[in-house]
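As a starting point, one isolated chain is supplied in C-alpha cells, in the form predicted alone.
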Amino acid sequence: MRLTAVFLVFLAAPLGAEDLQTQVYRARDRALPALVNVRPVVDLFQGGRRRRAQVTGSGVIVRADGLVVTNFHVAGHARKVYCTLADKNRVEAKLLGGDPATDLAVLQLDMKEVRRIGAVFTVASLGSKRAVQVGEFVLALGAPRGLSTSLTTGVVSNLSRFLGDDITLPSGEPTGLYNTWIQTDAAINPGNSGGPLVNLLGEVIGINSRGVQGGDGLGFAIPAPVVRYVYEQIVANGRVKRSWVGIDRGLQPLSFDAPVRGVRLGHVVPGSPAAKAGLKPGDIVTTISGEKIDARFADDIPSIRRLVATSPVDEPLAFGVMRNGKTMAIQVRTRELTARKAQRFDARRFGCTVRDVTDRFARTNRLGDQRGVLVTGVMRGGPAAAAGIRSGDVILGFARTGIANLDGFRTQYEEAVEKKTESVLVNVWRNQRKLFRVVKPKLGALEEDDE
C-alpha cells in the first residue's frame, strides 16, 4: 500500500508541474506587456562632485492614459525620464510626484509621442481579487542591471515584513514608515526596482522595491493597497497628504504580559500637536478614533502610523490613553506633514558636496538636532580636502554665523563666492568634537568638467 501511495505522488507531480507552467505563461502574458524599462537622468554626487548620469530601473503601467508606477529611489530625483515599452518603443515621461516614505513615484508617459510613433502597451491590473497568501507563487518582472526585460519566479515568504525604523533611501530620505513589505524569494536584482510582483492571475500584488546583497531568497515589494493609495494621492494632489501629530518616532510594542493592549509612546516631538495636547513619553495609547490599538510586535507599528497619517488634516483626533494606571481621553488636532526630498548641493568652489542632516543621522551620531549640513563627498586635491574636511563631517556654520540647513549653507556659500572671500572659517562637528577649518575657495575660472 505504501509503494502505491509513493507511485501516485510521483505520477501526479508532472501533471501539477505542467499546470503550474501554464499558469505562469498566462500570468506572464497578462503582465509583461505593461512592464516599462525606466531610465532616469539624475545628478550623481561622487567624490565631492556632481555628475549627470543615466541610471536604470523598472516600472509598470497602471492606467490607460500612460501612468507608470515605479520606485522613488529610481525616479524621484530625476531631471528627465525615458521609458522603453514592451514593444521596444522609447518615449519620454515626466515625473508627476514621488513619496520617499513609501519609496514610490508616478510617471506620466508622453501620450502624444506614444500616438505619434504608434507605440502599444497594456495596462496592468493593480491589486488582487483575492487575499495574497504566504506560499503563493509569484513572478517578479523587471529589467535587472540594465538588461532587457526578465522574469523570475518564487513564492510569497512573508506578508508583513518589517525592516526597522531607520531604513533610508540612497538619497537620505527615511522610508518604510507607513508600510510593511511583502517578502519573496523571487530574485529582485538591481534594476528590478519599480517592476511589478505578479500573482498567477497576472495581477500586480506589489511593486518590487529592494533586494538584499548576498541574501539569496530575500526580496521585498510594496503591497498593492499602499501603491494604489499613494499613486491616487499623487495624481490628485501632486503629493501624498498625511496628517502628523508628533509621535511617529520611537513607538514601542507592549509585552505579552502587559495589563493593557496598546502602544507606548517613546518620544513626543516638543511643540508638536501631540505635545501641546498633553501626550507624554511613556503614555500607552489604547485607542485612536475609537479603533483599538494592539502592538505586540515591531511589525504592528507601521499600521498605527498609517492610521494617524490617513486621518483628515487639521481635525481633532481622539486618543485613548493609559498613564500611571489611569485612563484618559486626549484630543489632538492634526496638521499636515511637510515632507521634502533630500536635496544635495555641489559646492564646487569648496570642492565638496553637502546635504541636509537627516533625523536618523542626527540620532545615530548624537547631534542633538538637525542643524547644519552633512558633507557627503570631498574632491581629492580640492579646497575642502586641503583644509582637512572629510566626508561625514557636519558643517555647523561659517565663522560666527550658524547654519540651520542646506538653504542656510547655500546662502552663506554664495555670499562668500560673490565677495571672492579668500579664506572661510568653517565650524565642523566630527566625532563629538567641534573643529575649525579654514577653506580657501577656488576663485578662478572653473574647469569645464566642473560645470
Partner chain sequence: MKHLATLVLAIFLLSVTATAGPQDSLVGVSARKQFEFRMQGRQITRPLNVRQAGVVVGKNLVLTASLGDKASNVRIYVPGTTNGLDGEIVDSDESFSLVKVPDLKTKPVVFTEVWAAEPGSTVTWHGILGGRLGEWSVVSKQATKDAILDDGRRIYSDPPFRGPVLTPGALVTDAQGKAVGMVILVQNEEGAAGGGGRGRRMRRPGGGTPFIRPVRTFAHFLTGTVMKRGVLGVEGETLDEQVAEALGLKGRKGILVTRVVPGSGAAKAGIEAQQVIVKIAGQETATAVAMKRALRGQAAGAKIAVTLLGVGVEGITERTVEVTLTAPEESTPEQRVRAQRFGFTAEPLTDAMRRDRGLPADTKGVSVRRVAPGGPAAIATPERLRRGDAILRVNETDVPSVAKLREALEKAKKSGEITLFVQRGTETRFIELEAEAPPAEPKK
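Numbering follows the first chain given and starts at 1. The term rigid core refers to the most C-alpha atoms you can superpose between the two forms while keeping them within 1.5 Å. Computed from a prediction, not measured in an experiment: that's the story for all the values here.
Separately, the form predicted together with its partner chain exists; it is not shown, and the next lines address it.
In the predicted bound form, none of the heavy atoms of residue 21 sits within 4.5 Å of a heavy atom of its partner chain. Proximity of residue 153 to its partner chain in the predicted bound form falls outside the 4.5 Å heavy atom cutoff. Looking at residue 55, you'd find every heavy atom of it more than 4.5 angstroms from its partner chain in the predicted bound form. Its partner chain in the predicted bound form is not approached by residue 46, whose heavy atoms all lie more than 4.5 angstroms from it.
Contact annotation for the candidate site: 264, 432 and 438 all lie close to its partner chain in the predicted bound form (heavy atom within 4.5 Å). Heavy atoms within 4.5 Å of its partner chain in the predicted bound form map, among the stretches 154-162, 281-289, 97-105, 229-237, onto 281-289 alone. Taking a 4.5 Å heavy atom cutoff to its partner chain in the predicted bound form, the contact residue among 333, 80, 241, 249 is 249. In summary, among the residues 326, 366, 88, 112, the only one with a non-hydrogen atom within 4.5 Å of its partner chain in the predicted bound form is 366. Contacts between stretch 394-429 and its partner chain, counted in the predicted bound form as any heavy atom lying within 4.5 Å, involve 399, 400, 423, 425, listed in sequence order. Residue 135 shows a C-alpha shift below 2 Å between the shown form and the other one [criterion: core-superposed Cα displacement of 2 Å]. When two forms of a protein are overlaid on their rigid core, residues whose CA moves 2 Å or more are considered shifted, and residue 111 is not one of them between the shown form and the other one. Core-superposed comparison between the shown form and the other one: the Cα of residue 90 travels less than 2 Å.
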